[in-house]
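Shown next are two forms of a single protein chain, provided one at a time as structure tokens under the names structure 1 and structure 2.
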Structure 1
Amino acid sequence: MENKTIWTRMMNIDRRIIYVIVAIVMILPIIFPFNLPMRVSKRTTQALFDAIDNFPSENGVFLISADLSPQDQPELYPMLVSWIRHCFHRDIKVLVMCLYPTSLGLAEQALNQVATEFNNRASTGIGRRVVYGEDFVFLGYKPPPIVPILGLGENIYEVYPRDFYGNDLRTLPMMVSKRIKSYRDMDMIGSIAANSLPITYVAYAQARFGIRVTGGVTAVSVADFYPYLDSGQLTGMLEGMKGAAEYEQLIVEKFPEDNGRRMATEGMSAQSSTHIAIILMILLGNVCYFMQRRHEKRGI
């Protein structure tokens, strides 16, 4: 035992100690948040914000494919909420659909949450009311994914004769007033997903029907999407919780009356402090590794 150097002991440190350190570094800023300046990424968040802000037609139509699930909720749910808020502020019509059953609850919750926010504000004389069927429609779930992805390029009413609540889709005021029939009558698809669905939309919906596509993705899968961002196939995108926080900031800057809960921003102090802790631990781990090797060589 006496042969063990501090470096060896550090290399074999109980992983639970690291968990405790990370937990402390993460929890403290949640309870005592601090504000760090945030730089909004131009190629991703800003590009997407500008694109939604400048839809080809005023009061355009944004189709959101909300494919998030409870396990990626902290990253993706704030994105969905922010997109809906932005659309309601700009009087853009929102269509929401789900390609996976686990997304239904969260998608419906996000729509109701933002609609309640807007209607509560409107009752105090700020902003406008939003109404189901006039400002947003929830299409629900239709498997397998390829059926709605391709079907909406032809005729939305054949894929979704009824909305999630069982209303005849053709009779909803928004579908009539905006003459929504296929991708041609929509301005953009936003795919919120923890997997490669945004690329599926690029490959099937964009390649065949020419509609613009953007993505709200988890940080894990961001690297997969950069080539599509560079080639212009994706119109901006949101990268994980940081992207969502940037978008929340852009919305508050542009629409100061927005007083909704900024869920991604709430986590950013903890994110920064944990990143610093992890960088330090990676450095320390490497120092220990090299020092241990040096000692072993000397020992021989």
Structure 2
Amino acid sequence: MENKTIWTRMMNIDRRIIYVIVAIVMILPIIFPFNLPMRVSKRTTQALFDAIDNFPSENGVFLISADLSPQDQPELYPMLVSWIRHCFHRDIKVLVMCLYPTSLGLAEQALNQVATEFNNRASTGIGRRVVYGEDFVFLGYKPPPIVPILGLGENIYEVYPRDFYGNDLRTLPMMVSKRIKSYRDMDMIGSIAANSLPITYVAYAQARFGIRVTGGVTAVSVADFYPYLDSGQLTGMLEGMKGAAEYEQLIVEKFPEDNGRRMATEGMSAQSSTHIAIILMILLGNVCYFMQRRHEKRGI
């Protein structure tokens, strides 16, 4: 029987061992998260953070169109949470709507999660409490998508006479005190989606009513949005999990008291570790291949 060299044995290693290695490398950073150094993109993440940070204090209104779904939750959900955190820190009023019914649960979960974080800190004397109807409102879902996109430019109460919980929108303190009636009374729309919805907001809401638009999109679709970013039609943008992690970093730097879970940062640790492991295994496989060829040529 031909004696196998160490290079041959390594190239023929059981693939199940590789799967186990990848699983361990992926799981360990989730159990024991660590922070990787990140360079924040000035063109996208920093531009968006600065735009929201420059909203008029206590008068700003940010409309978030949360159109994520469970399959893209790892990338998009941390973006939604970070936007809400940033607004609450700066006392910017938040309106959240959904264009698809599958997004309702995640949008409500994000609002409740961040509100609980702030109220728990407030109970210890750090920061302020946030109250539904005064600091944020969940509009819910109204089909088809083009109806709320255009309708909010004319009259929000005709599109959403009641909020997601059945409250009369005209009676909510935030809507009354800020006199929110249409896009004219808002500072920006943020569209979080795995499809081209941010471009739809640019085409219909921005082009017709002049409101600024930003987006949070999955990494695989980022290239489609660069022309709108370069033209200034998008005010910054969050690019996949990396963009969400960058935004989390900016929030912690600006508001050190924020102790909320940094989900995108944790995800980047696992993702980066897995990528490094795969690259090393590819390099090792190539080294083994060329060493085996060298061994065969020498006839050893």
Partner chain sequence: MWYWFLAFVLLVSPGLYAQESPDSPAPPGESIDSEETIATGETISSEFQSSDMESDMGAIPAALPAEEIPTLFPPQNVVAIDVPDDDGQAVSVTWTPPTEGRPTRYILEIAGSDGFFEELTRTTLTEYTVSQLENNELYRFRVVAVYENGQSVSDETPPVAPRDHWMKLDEIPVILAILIYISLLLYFIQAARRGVELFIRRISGLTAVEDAIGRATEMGKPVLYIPGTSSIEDVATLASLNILGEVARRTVHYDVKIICPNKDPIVYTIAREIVKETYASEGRPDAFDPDSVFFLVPDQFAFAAGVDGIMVREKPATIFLMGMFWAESLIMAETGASTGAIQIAGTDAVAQLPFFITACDYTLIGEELYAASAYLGREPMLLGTLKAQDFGKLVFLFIMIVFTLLSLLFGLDAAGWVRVR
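No experiment lies behind these values; they were computed from the predicted model shown. The first residue in the sequence of structure 1 is number 1, and each one after it adds one. Rigid core (definition): largest C-alpha set, two forms, superposition within 1.5 Å.
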property	result
Answer for which single form is the form predicted alone	2
Rigid part of V20 equals that of L76 between structure 1 and structure 2	no
Smaller rigid segment rotation relative to the larger between structure 1 and structure 2 [°]	24
Between structure 1 and structure 2, C-alpha offset at Y289 (rigid core aligned, Å)	11.2
